[in-house]
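This text opens with one protein chain seen in two forms, each one given by itself as structure tokens under the names structure 1 and structure 2.
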Structure 1
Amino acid sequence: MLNMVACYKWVVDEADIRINQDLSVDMSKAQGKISEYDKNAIEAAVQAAKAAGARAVGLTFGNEKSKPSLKDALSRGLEEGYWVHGDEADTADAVVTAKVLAEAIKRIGNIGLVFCAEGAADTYARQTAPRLGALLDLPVITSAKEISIDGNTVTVTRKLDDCVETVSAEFPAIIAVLPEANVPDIPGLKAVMAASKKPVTEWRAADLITDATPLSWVTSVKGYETNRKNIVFAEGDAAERVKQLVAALRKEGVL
């Protein structure tokens, strides 16, 4: 049976990131989550598997803390999870990540389509799909808005900056989906329960690639500096607050 592979990333939930006064960043209390955009990739793989009579599977590469991602991913309709783990993930750039994923995809084998999001919620680098295409020498379709499958042919509507394109390719191919490609369901209790019983294949990153040296690295991270007045009108009733707001906006010269 053909495999429809959804690649996803377990990222730090940006809602939990604290930025200190000096713009230094505190992620110590941050929880992990599946990158929002990757939920669209998972849903696309599930739908493609239905349409093609194939098997939808999930693939992720992360550090040891990324294990909980599998249960979440598997509750979203995937049949099997592939978890590549190792500390290499903490320093991996797009080069290393793509190499690890490409090698895992080769091992999963019998590929119909590989789905990625356009970018991850943390780095939003938008590199993985084209890089996978290069490493696996497979055709790549990015900016996918609508996807339909007929036999071994995938037809995709792409949303580009100034036009909408319809393109097609034969399996196997790599597809990067836009957030508007689908609306992922929130998994129900039954799906969450069932997820724990689904099979997970584990690989260590070092089993897949021998050299995980990145070609680019982050030298510093700080909070984006916002200089806003943060004035909240709280005195008086609603009419009074509105009066103060309108006065302030006139003073700013924006009304």
Structure 2
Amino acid sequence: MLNMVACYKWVVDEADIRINQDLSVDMSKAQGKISEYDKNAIEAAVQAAKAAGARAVGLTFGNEKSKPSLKDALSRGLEEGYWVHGDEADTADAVVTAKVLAEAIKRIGNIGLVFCAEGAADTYARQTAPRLGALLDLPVITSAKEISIDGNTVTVTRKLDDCVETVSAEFPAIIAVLPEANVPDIPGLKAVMAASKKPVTEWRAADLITDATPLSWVTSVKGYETNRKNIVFAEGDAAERVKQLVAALRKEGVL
């Protein structure tokens, strides 16, 4: 049976991040969660598995703190979880992450499609899918807004900056999913309880790759300070002031 693989990342919950007065970032009390964008990748894999009569599985790379992600991911419709763990994840950049995931995907085998988010919630580097394609020598379709499957062919509508493009590829292939591609289900109590009984395969990162030296690394983290324009719309009646506000928001690219 073909495997539809959803790659996902365990990230810091941004709701728990605190910015101090000096713009230093306090993440000491932050909990972890599956990246919101990666939930779309999981949902896409589950839907693809149903359409193709395949198996939806999850794959993640993280340190020991990422272990709770497995139950959450499996409660979202995946049939099996694959967890690559090791301290290498703490310093891994896109290069190391892609190497680890590529080797894990080879071990999973019998691949139909590999789903990634267009970018992770913490970095949004948009590198995982293209790097996996290069390492595995597979076609890559990014910016996926709509996905349909017919036999062993996947057809994707891509949302680009100035147009919409429709492309197709034969299995196996890699797809990077946009947030608007689907609406992830919220797991119910029954699904959460069933998740603890689903199989999980664990690998150590050191057993998959011998060199986990990143090519880039974080040197510092600092909060962002916004300089507000403080524009006041005081002239005209209420309707006119609303029009001025909408026009200003459009000019700023908000609308």
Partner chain sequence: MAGILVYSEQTGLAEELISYAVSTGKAVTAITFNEEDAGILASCGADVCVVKGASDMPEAYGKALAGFIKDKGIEQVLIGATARGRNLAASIAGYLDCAMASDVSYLQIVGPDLICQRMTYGGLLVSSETLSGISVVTVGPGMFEKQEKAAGTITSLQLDADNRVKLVAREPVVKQGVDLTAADKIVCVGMGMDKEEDLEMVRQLAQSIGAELGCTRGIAEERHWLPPEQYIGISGQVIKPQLYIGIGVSGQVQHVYGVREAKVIVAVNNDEKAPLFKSADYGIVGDMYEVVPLITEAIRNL
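Every value quoted in this text rests on a predicted model; they were computed, and no experiment measured them. Only residues modelled in both forms are compared. All residue numbers here follow the sequence of structure 1, with the first residue given the number 1. Rigid core: the largest C-alpha set superposing within 1.5 Å between the two forms.
Of the two forms shown, the form predicted together with its partner chain is structure 1.
For the conformational change between structures 1 and 2, the C-alpha atoms of Val218 and Arg107 are both best fitted by the same rigid part's superposition. This chain moves as two rigid pieces, and the smaller piece turns through 83° between structures 1 and 2. Aligning the rigid core between structures 1 and 2 leaves the CA of Asn227 offset by 4.7 Å.
With both forms fitted on their core, the C-alpha atom of Val246 sits 15.9 Å from where it sits in the other form; this compares the forms between structures 1 and 2. In sequence order, 226-255 is the sole run of at least 3 consecutive residues whose Cα positions differ by 2 Å or more between structures 1 and 2 once the rigid core is superposed.
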